[in-house]
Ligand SMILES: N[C@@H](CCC(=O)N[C@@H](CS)C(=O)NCC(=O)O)C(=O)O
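Have a look below at one chain only, the form predicted alone, in structure tokens format.
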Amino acid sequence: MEITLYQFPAACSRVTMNALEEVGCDYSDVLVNMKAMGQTKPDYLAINPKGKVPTLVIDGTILTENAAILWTLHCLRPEGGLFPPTQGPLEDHQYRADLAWCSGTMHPTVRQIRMPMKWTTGETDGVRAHGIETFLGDCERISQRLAGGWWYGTSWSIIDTYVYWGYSTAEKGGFPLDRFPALADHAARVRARPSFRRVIAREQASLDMARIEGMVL
């Protein structure tokens, strides 16, 4: 398969890249300069008219929406370990439900905290405060689930990386992550995985190359 990932370092495309590393796919990546609104430029909109990152192109087929991309990678490489094995569709449903929650509930709340200006044409303090209040409740539940283990107990899954991306990004927006020691432990274990370390190195390489080429980041 010929695979290209359109990504921006530290954006949610990091989760997709981690999935590609976990399942062992060979792929190339293209940096979309979101700081310069590169996702809104005509050349990128020709690939993904939604103007969102990530986009994954597999043998010419364009895949969008992170949750759907992750599930497709799981279906293409079920042996890749993105989710623990199940006995059938009813158990599979929980994986899809968790992906939907990450992308449809957690992700918007995190964006509300990290980028409140995207939610309003007026003041942002109230938007961020509401997001933090909401996410505090979410992180209470997440902490209980992750205490001493992974999202699905003893087995890592791509949900662990997605949740990590959520709470670590929220922290950059002022979220008090230090209230949740179980998440600090979980974060250390996510960052220690070889696949995640490869992602960080690859993101840094793409930033270095962009700067060499004169891209303002």
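Nothing here was measured: the structure is a model prediction, and the numbers come from that model. Residue positions are given as counts along the sequence shown, with the first one as 1.
Only in words, not in the display: the form predicted together with the named molecule, which the text now covers.
Q: Name the single residue among 143, 134, 72, 103 that comes within 4.5 Å of the named molecule in the model of the complex, judging by heavy atoms.
A: That would be 103.
Q: Counting non-hydrogen atoms within 4.5 angstroms of the named molecule in the model of the complex, say which of 153, 51, 174, 181 makes the cut.
A: Result of the distance check: 51.
Q: Is there a heavy atom of residue 66 lying 4.5 Å or less from a heavy atom of the named molecule in the model of the complex?
A: Yes, residue 66 lies within 4.5 Å of the named molecule in the model of the complex.
Q: With a cut-off of 4.5 Å between heavy atoms, is residue 130 one of the residues that contacts the named molecule in the model of the complex?
A: Looking in the model of the complex, residue contacts with the named molecule do not include residue 130, since no heavy atom lies within 4.5 Å.
Q: Any of the heavy atoms of residue 12 lying within 4.5 Å of the named molecule in the model of the complex?
A: The answer is yes: residue 12 has a heavy atom within 4.5 Å of the named molecule.
Q: With heavy atoms only and a cut-off of 4.5 Å, decide whether residue 93 touches the named molecule in the model of the complex.
A: Taking the distances in the model of the complex, the answer for residue 93 is no, it never comes within 4.5 Å of the named molecule.
Q: Pick from 23 to 31, 53 to 61, 145 to 153, 187 to 195: which stretch has a heavy atom within 4.5 Å of the named molecule in the model of the complex?
A: Partner-contacting stretch among the options: 53 to 61.
Q: For a quick check, can you give me the residues of 101 to 115 that have a heavy atom within 4.5 Å of the named molecule in the model of the complex?
A: If the 4.5 Å heavy-atom criterion is applied to the named molecule in the model of the complex, 101 to 115 yields 103, 107, 111.
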